[in-house]
Each structure stands twice: as C-alpha cells, then as structure tokens.
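This document opens with one chain alone, in structure tokens, the form predicted alone.
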C-alpha cells in the first residue's frame, strides 16, 4: 500500500511529477529539478518531508535509554530545545538508521527517523525501550515542511506572530522552539540555513500555501538529493546501512566513546578503530564529461571500491560522488563508466559551502 502525505493533492495541483519513495507517493520535481535546486541555493525553497517519522519518547529514564541506544552522547544536550544527530546501531556496529533527537524535558525527547526505515526503527526502539520503561509514541498526526535557503529564515519569520518570531530569531543551529502551534527546528538536509517545521497535519496545507505566497519555491526529492550530496550529507540505504559502521560511512564524528557508557555496538566500533584498515568513504569529483552513478566501480592502487551516491552537481557544473574505497586510497582514482576508466579526484567534502565550491573542489 502506498502512503500519501496530507499535501499530496496540493503537489498534484502544482503539476508535480510523483514517484514512489520508500512506500510514499512523493514529488520528485514540479517541472525543473535544476531550477528547484538553484532556488534553494540562491533564495528559498521548501520540501514536504511529512513522510519522515516523528517519535516521542516519555519516561523518567529516557535519557538513560538514549545513552544506551545511540552512538553519539545524549549528554551533550543540556538545554531544552537542543538537538543531536546520531546513528542508531545494531550489535555488529552497523547503522540501523541515522536520526535527529531533540531534548525537550528530562522525561520527554523527540526523535525524527527516516521514512524508508520506519517499521524496523519503531520495532528496534520499542524493543530497547522496554527495559527502561520508556513510552514510545509515533506521531502520525504531525506533518513536516523543510524551508531551506539563504532567504528561508526571513520568509518564515514573516509568517510568524511577533512573540514566536522573536523566539525563532534567537535559536541557533540544531536548536528548536515552539510557537504558533508549530515546532520550529533550525535543522535541514541541504547545507543551507533554514527550518524544519513540524505542524499538526490539519495545518500543513495552509502553512504550505502561505509559504508559497511568501515566495518560497516548492521543491521535490530530486533537488533535495543533489543539494544534500553537494552538502556532503549521507543518504541512508545508499551511503550506509546495517552492514556499514559509522567509521566506514565517514561518520566517526558522531561516535562518542565516553567512559562508562555501554551503547549498542560499542565493542565492535572500539575494535574496528583499534585495528584500522577498514573501508573509508571519500568524496570524488570528475572533471571530464559524464556522470558518476551509484554502483560504478572505483579502481585504486589498494583494490576496488564502489560509487555510493553520485550525480551531476548543478552548483559546480560537474559530477560529484561519494565512494567507499579501501583505507589509504587518495589522490587520483579511476571510475569505471560503461567499461571506460575515467580519472576522478579525491576531495574533502562538503563539495559546496555557502553556495560556492568547497576547499579543494
């Protein structure tokens, strides 16, 4: 059965091309994917991300539970509204999902997980929560709209009541606040500033239309994918999964090996870190014509690797990709494109920062 967000008919009325995405009927674009990409990089665009799963966690031992569940340390969150990005691992250290958790009160945390992993995430979280007497509630009554771009905040501010506008103007990156019936988080998946706004489902269509009237351009999943790749952000199921550890997904910065905290998968991560020699994820740029695509072989002096996410970058005007390669691979590698070996450069990502090419790209 294909799921639909409350905005489905709104997308169709705007002429969106709809596709199946993790069991959801979602807009891939509204006419020009590249135009939508540039709208976000240069002005402001918005995405319906109501297919994402919002989960509320309640209970006196919720923080203790999250210390056990997550590879990153929930104890970094000391002020209400602060958010944390983390991987949730299995016993083998593989990534079940990557997620954002918001600290609201000591007995109330909110987690947002990926749509395609909803069922397994809810089952895993529920199983682990029982030992801590934590109540797990999926919030299917909520929708989410991401507003991103250099002018996104100003356009959102124009729709808020003065008191809410003042609160939203003060929040820093990875912080959330509430007001006007909205949960407003300064987070995103594009590399641009902006907000992810969680709203009661009954208010989502009105908010979308008000944002559009304010000059925020509707954007589909196609632009969201090229934007997040330029920004150096992983896509679950393509750049990582349950067979890949955070070290192998270049997400070591999300792992906190703090003393005395026995989170799920920790032993495997400690051993892998000590042993070294694991696979690594790198950024690639191809200066020749052509497009790097998922599944293409990458040839290195240390053995073969594989393209994970790959696409033409509208901002850079050339092809970029993530690849998983043997540790120690650097410099110029080769991508196998339909049997032809094409040179590609290993670079540090993000590929795009503040709307311009990143260092070394």
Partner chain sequence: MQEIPGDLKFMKSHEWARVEDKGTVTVGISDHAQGLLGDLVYVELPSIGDTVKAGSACAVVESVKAASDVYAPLSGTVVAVNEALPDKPETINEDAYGDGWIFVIKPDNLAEEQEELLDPDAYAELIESEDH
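Positions refer to the first chain, counted from 1. Please read all numbers here as calculations on a predicted model, not as lab measurements.
Not on display, but discussed next: the form predicted in complex with its partner chain.
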(Q) Even though the partner isn't displayed, in the predicted complex is residue 293 close enough to its partner chain, meaning a heavy atom within 4.5 Å? (A) yes
Q. Does at least one non-hydrogen atom of residue 32 fall within 4.5 angstroms of its partner chain in the predicted complex?
A. yes
Q. Wondering, does residue 72 line up within 4.5 Å of its partner chain in the predicted complex on heavy atoms?
A. no
Q | Touches its partner chain in the predicted complex: residue 311 (any heavy atom, 4.5 Å) | A | yes
(Q) Suppose contact means a heavy atom within 4.5 Å; in the predicted complex, does that hold for all of 226, 289 and 338 with its partner chain? (A) yes
Q) Which among 311-319, 327-335, 39-47, 53-61 is in contact with its partner chain in the predicted complex, heavy atoms within 4.5 angstroms? A) 311-319
Q: Determine the residues of 139-177 with a heavy atom within 4.5 Å of its partner chain in the predicted complex and present them in sequence order; the list may be empty.
A: none
